[in-house]
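This text opens with one protein chain seen in two forms, each one given by itself as structure tokens under the names structure 1 and structure 2.
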Structure 1
Amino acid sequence: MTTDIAPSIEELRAHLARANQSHLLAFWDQLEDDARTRLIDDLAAIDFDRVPGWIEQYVRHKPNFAPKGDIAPPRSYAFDDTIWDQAQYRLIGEGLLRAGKVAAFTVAGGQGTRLGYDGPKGCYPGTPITRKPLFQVFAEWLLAANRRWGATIPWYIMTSPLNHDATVQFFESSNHFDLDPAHIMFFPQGVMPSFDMTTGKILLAEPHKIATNPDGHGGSLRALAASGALADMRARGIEHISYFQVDNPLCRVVDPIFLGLHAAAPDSSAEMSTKVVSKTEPAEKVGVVAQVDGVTQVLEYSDLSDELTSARDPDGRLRLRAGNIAVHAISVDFVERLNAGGACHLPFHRAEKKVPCVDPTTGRAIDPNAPNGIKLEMFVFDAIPLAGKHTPGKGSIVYEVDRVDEFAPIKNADGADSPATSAALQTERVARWLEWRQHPVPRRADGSPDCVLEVSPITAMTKLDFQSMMLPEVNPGAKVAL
């Protein structure tokens, strides 16, 4: 050990001992100086005062998120515009976009383990014909939106330390998809140590490296502040953030109606609002927005009893059907408030995962074939109950959109929410838009389109853009990209 780093390592040793994590220095004596420096950096990033509490609460025990209290569906605005006056909120939202008060924000720091794609998920070719990377689909939305509303909508992209460089390089090598790089900001989210499932000890990925995982999409609310993105938004005059995930190619990157509702609906707190789609099957694995004792929040499907999940209204629809699609409008003020007096803390959720690691006693590398580790993540929707907390009588707006128009997630390699189901939904959406114009679309006996269709946001952002377009003939088996 060199003398100049001795004091800090001694401090760390004491710190680690208090947290019962002394094993993290098991290989210290064998490490070269640069490996020691890396390990110290990793250790310095962990809040060891909180580690024993995390182990007790999340590793030794499974936190119980089962909702207690009176559970009711939320009041929501449905996309059926005969029920309420969409036009006025569209105008308000368009005004916000024109005035440069809206930023787009993509959370792209996930590991995408279920998809198993080798690279950041945003680079995944997500459209059915032209195989456009997901990032390009969103970039095209922004190009179209900037043009339509005469705006320059800045785009903030949260990465993780694991995919940051690859993401930035991808944009550079793609010429930022014709967007001005001065208005795109990339920043990595924070990480959490991964824990041994049985001992509760923090895992070592290598003798000089802590095993870590990104701290969840909820980590975005603190990373926005820590990275300087929030200050950048303030400096640009941004008031509202259009938050969305990287894996939904049908996402409306900015939606004037949603933004208008969020900012101006009488029951809005204009702090954090949510888009939902109507769940039709109790078994569908999406969280639902509900009111628990009058407070709007998202309940995970795994935390709900079968009775609640399958309860139906008299009209036969599921009672708790407001499926969360993780598209939020969030005000800059709200994110600042959450970070006032230190980083925003949301509860952690635990996941059991396979975490490659080294055995601190033998130095043997372990590549587990069953979950051995606990990964802790924050979820962004846990901020929803905090919205409107200081604005009595107001709440968090819930806007129900058409599933086929806006939700075709790519989560798994096969089966539900896979590239194949997403491609089918993308085709179905264009087919409906064509048929809305009474334009023929070949369909099979089961009703599915007998063709593959794709539309760029530059061509049409919503079906209304099809109104004045010349539409191509679509023959059975054809592939048509518009």
Structure 2
Amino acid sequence: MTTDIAPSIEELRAHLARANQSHLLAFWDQLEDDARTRLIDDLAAIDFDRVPGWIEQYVRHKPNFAPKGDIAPPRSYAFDDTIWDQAQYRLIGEGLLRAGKVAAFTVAGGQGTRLGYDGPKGCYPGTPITRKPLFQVFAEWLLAANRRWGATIPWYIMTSPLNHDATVQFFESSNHFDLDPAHIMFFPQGVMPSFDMTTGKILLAEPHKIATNPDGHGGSLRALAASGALADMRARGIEHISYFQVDNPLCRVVDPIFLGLHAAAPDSSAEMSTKVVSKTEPAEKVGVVAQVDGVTQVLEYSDLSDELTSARDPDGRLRLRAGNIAVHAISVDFVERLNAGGACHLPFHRAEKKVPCVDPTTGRAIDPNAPNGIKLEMFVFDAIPLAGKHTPGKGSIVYEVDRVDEFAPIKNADGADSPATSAALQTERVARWLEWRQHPVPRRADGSPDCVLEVSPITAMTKLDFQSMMLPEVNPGAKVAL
């Protein structure tokens, strides 16, 4: 079904009957005209020709994503390895930035619910001293990058239907953080219908409204095309996309070394590349990048056996330690190829959730106290094995970076990946940069900094920017923002 066709109610009933979803019109005769219009719009957004296949594959069955084949660590370029020429690839990446060939792309569809925050996650105060919103941290990266490389790096921000308006309003009220709004584009991600986990029927949220859920960060690849963002990139001469998710305040929004590797390394397809950090322990809940029968891909931690997760090399390090941090370099050509034919069909991942709905027979509202629905999402990393399919001997570049320099996510209110752990990592990063300059930093008996430190990307994008700076004295217990 498409929105440019207005079917009669009889045609609509016949179409739904073929997909065994006639119940979606159960309340049609009771609806006012505007409610009917909203329901038709919801129905028109669903590809009902594919619904029976989704139900059979993902609702009636649970797909098994456990890896099959020979599993090995990926070939990677490590930040602390001297056997490859970092300077060479930095120059290549800087050339792409100066030529205006790179765009920044933030996936920001999430809410701050798990953080106890009422609003888009990107509006959450993510720095330890000045409490800058995450969006502001990334905006300052772009301001610094634009000045350094003398180019305009456009910023594409994927929201969700739930937080789109609030995100746009936040930027407007913040004067777009001094960026030119002509070079920022917002667009919402797509949605998928939610299914009853017992019957496979699409759930109704209200008599006139389909129960839907965002289609996952993998939906970003088709949203780029559907929104017109991809066409806008083409018009601007963009060739490569710097992809990152909104919850990591240490993310390098554009990284010339990574971009250079992605675009020019001899084993790169220049289609999709990924950053990793070394896992801290077997139980760390991050996907791992590995080679399965020679093909680079991301394996979810929940799909790995304890034996694989815990296996170690002779030097004692985890064998599968390349933790996925959701930072990628993706070519515009690759995204266009994935969307050829009008859709980007990555595999769906199934999640059992509690989905409020209405009984299609009685209209009674149901607020379940146990999972009753199946939500389907796509994951962006499932595109990695497709990189290089048409370039034999080339594939997805894996670049291992320093966790303290680049990965301090804010996902949970407490415990791992919380504001507290992120603040500690942000402080540790600045402390190491200061000590690299031989500048004293007070530390406690356990080695942690006895202070709180923060640096804006406008002040320093990497430790190299500390080389010629006047640095402040840092006393025990001090809070210092640079």
Ligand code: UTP
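Numbering for residues begins at 1 and runs along the sequence of structure 1. We call the rigid core the largest set of C-alpha positions that still match within 1.5 Å between the two forms. All figures in this text were calculated on a predicted structure; none of them were measured in a lab.
Remark: structure 2 matches the stated condition (the form predicted on its own). Lys463 is not among the residues whose C-alpha shifts by 2 Å or more between the two structures once the rigid core is aligned; its shift stays under 2 Å. Positional change of Ala108 between the two structures stays under 2 Å at the C-alpha, relative to the superposed core. Relative to the superposed core, Leu250 undergoes a C-alpha shift smaller than 2 Å between the two structures. On a core-based overlay, Met197 has a Cα shift of 2.9 Å between the two structures.
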